[in-house]
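Take a look at this single chain, the form predicted on its own, given in structure tokens.
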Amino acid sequence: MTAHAEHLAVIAQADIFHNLDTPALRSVMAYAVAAHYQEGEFVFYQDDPAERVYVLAEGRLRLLQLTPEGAQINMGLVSPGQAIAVISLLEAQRYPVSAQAIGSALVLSWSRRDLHHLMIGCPQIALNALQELSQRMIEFQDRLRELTTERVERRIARGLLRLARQAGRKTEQGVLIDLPVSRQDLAEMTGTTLFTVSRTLSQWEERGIISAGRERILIRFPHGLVTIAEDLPAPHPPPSEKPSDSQV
């Protein structure tokens, strides 16, 4: 399916196409292939040959990784405008994760060959891709450091703040993470157990920091969550205090 011109603004948000002028973006769009996915369908599978780079245009995706023991781990979420599988620009690579649609999703993609051709005429794409791969490495190192050195409460707080930045929606009550996230998902993303996540979220609810349902999390006091994530000594406000979303 051919991508449409209205998606020009979407690809302009993607880091790999950052700082491209309108003619360059139109050239990129000319090579794009659009595909619709329904709830639960996979865009690509872990360990398949990495041959295409993707940008999410509409909807949400989850990134999943299968362990050698057969357990499926939620590695993160993808929001519109984000590029994934940039590793496909390198030869002989395989997808390190699977990408699955959360609800209905529209995804744009480009083959390695077409992107290499575009890079010849627009070297900025190559520089962006290098920056993107470097950023992924830094994020991986940060996540590894969190898992090995930080208390589990800080990891869960950081995980919620990442989700809020990706999919947070401001409401009168606070910042709603506007996609279904189960406690098991959060446990997998932060390298802990379902029991620990449930216990921690319950404690934060008692302190008025969050309000958590089965697959719904409302951050009532984002600054309190930042305080936990950064291990700051600032006290938490009482549950009755009006939340501030300036820290998310």
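Numbers for residues come from their place in the sequence shown, where the first is 1. Keep in mind that this is a model prediction, so the values were computed, not measured.
This next part talks about the form predicted in complex with another copy of the chain, which is not shown.
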Inset, instruction - Evaluate T67 for contact with another copy of the chain in the predicted bound form, applying a 4.5 angstroms cut-off between non-hydrogen atoms, and reply yes or no. - result: yes
Legend entry - Non-hydrogen atom contact R145 with another copy of the chain in the predicted bound form at 4.5 angstroms: yes
Legend entry - R136: touches another copy of the chain in the predicted bound form, heavy atom cutoff 4.5 angstroms: yes
Inset, instruction - Verify the contact flag for V86: yes if a non-hydrogen atom of it lies within 4.5 Å of a non-hydrogen atom of another copy of the chain in the predicted bound form, no if not. - result: yes
Inset, instruction - Decide yes or no: are L90, I120 and P123 jointly within 4.5 Å of another copy of the chain in the predicted bound form, with each residue judged by its heavy atoms? - result: yes
Legend entry - Among the candidates H116, R169, R151, R165, the residue which, in the predicted bound form, approaches another copy of the chain to within 4.5 Å (heavy atoms): H116
Inset, instruction - Check each of A101, L77, A129, L161 and return the one that places a heavy atom within 4.5 angstroms of another copy of the chain in the predicted bound form. - result: A129
Inset, instruction - Tell me the stretch among 29-37, 59-67, 209-217, 175-183 that has any heavy atom within 4.5 angstroms of another copy of the chain in the predicted bound form. - result: 59-67
Inset, instruction - Would you mind checking 173-198 for residues with a heavy atom within 4.5 Å of another copy of the chain in the predicted bound form? - result: G191
